[in-house]
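Consider the single chain below, provided in structure tokens and representing the form predicted alone.
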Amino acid sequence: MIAIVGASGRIGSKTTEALLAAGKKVRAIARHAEKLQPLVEKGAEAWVGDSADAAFLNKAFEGAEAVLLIISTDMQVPDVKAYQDSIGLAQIEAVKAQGVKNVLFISSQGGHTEEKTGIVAGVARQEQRLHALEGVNVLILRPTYFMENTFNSIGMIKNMGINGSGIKGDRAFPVIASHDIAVVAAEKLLNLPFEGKSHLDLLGARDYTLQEMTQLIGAAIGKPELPYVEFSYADQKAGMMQYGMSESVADAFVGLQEGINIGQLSAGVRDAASTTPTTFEWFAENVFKHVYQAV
């Protein structure tokens, strides 16, 4: 049996589906029962509870051959560092209590450091906790910036006719589709080909600038002249808070953008293992366009 934390999310749900299709027993863990129902219909065992609750996770991890760990983000928490650490510590406590021998952790590029990585600092602290575990095989996946993050720009594109953020428009960095992360996660959980402590960078098909991604988005949605506008960090923070983020979370995401600008989240080495198949060209035409049209 494999336990999946965050099974209702983009990565967790696709990983769960792949494991079920391969005949694995999966314990799907998330906060909301209705979001787990599609996985239950495919054969998953639903465990509904708070992933910051060590007692709940302790029961959920009982008998698990392996667990997938992910630290989700609540956009409205007043202290994002405390929130991330409460989840991370509960996961570690449950792994220890149940004697789980194999852990796959979804971290991030930048997970090697807490310095100038913004919201990623929380997974960097969890990486440190996982490395300290004795007798547990840990594989840390470090995917790069999600292509799906561009969905956050749909309202801006529709209402203002621009795409923009605090990331420099001409800064090239890798981007990845969440589906590609799930494919790797499922393969590693099925075969458990890892021992000791290790990490694997996941860097998408190639590097892109946001100017280039904006051009590809514009072409896909029939707005070929769509411009990319670089915001100041102060304006970016204000915009995030206007849309409901707490100040703590907004600061953390602005810190992430600053980290991308200075190259702090581009430490991964591109090779055959870290390069994944989905291009942003394909994503813009086959995913982003349809989400944009549906909003």
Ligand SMILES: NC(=O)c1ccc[n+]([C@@H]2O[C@H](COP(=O)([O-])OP(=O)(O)OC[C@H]3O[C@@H](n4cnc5c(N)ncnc54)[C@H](OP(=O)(O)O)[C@@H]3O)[C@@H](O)[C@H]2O)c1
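Numbers for residues come from their place in the sequence shown, where the first is 1. The model shown is predicted, which means the values in this text are computed figures rather than measured ones.
Not on display, but discussed next: the form predicted together with this ligand.
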task: Let me know the one among 104, 94, 123, 217 whose heavy atoms come within 4.5 Å of this ligand in the model of the complex, would you?
output: 123
query: What is the one choice in 254, 67, 26, 30 with a heavy atom within 4.5 Å of this ligand in the model of the complex?
result: 30
- prompt: Mind checking whether each of 35, 50 and 87 has a heavy atom within 4.5 Å of this ligand in the model of the complex?
  reply: yes
query: Is the gap between residue 208 and this ligand in the model of the complex 4.5 Å or less for some heavy atom pair?
result: no
- prompt: Quick one: does residue 71 come within 4.5 Å of this ligand in the model of the complex, counting heavy atoms only?
  reply: yes
message: Does any part of residue 144 reach within 4.5 Å of this ligand in the model of the complex? Heavy atoms only, please.
response: yes
query: Might residue 7 be said to contact this ligand in the model of the complex, defining contact as any heavy atom within 4.5 Å?
result: yes
message: At 4.5 Å between heavy atoms, only one of the stretches 79-87, 125-133, 94-102, 192-200 reaches this ligand in the model of the complex; which one is it?
response: 79-87
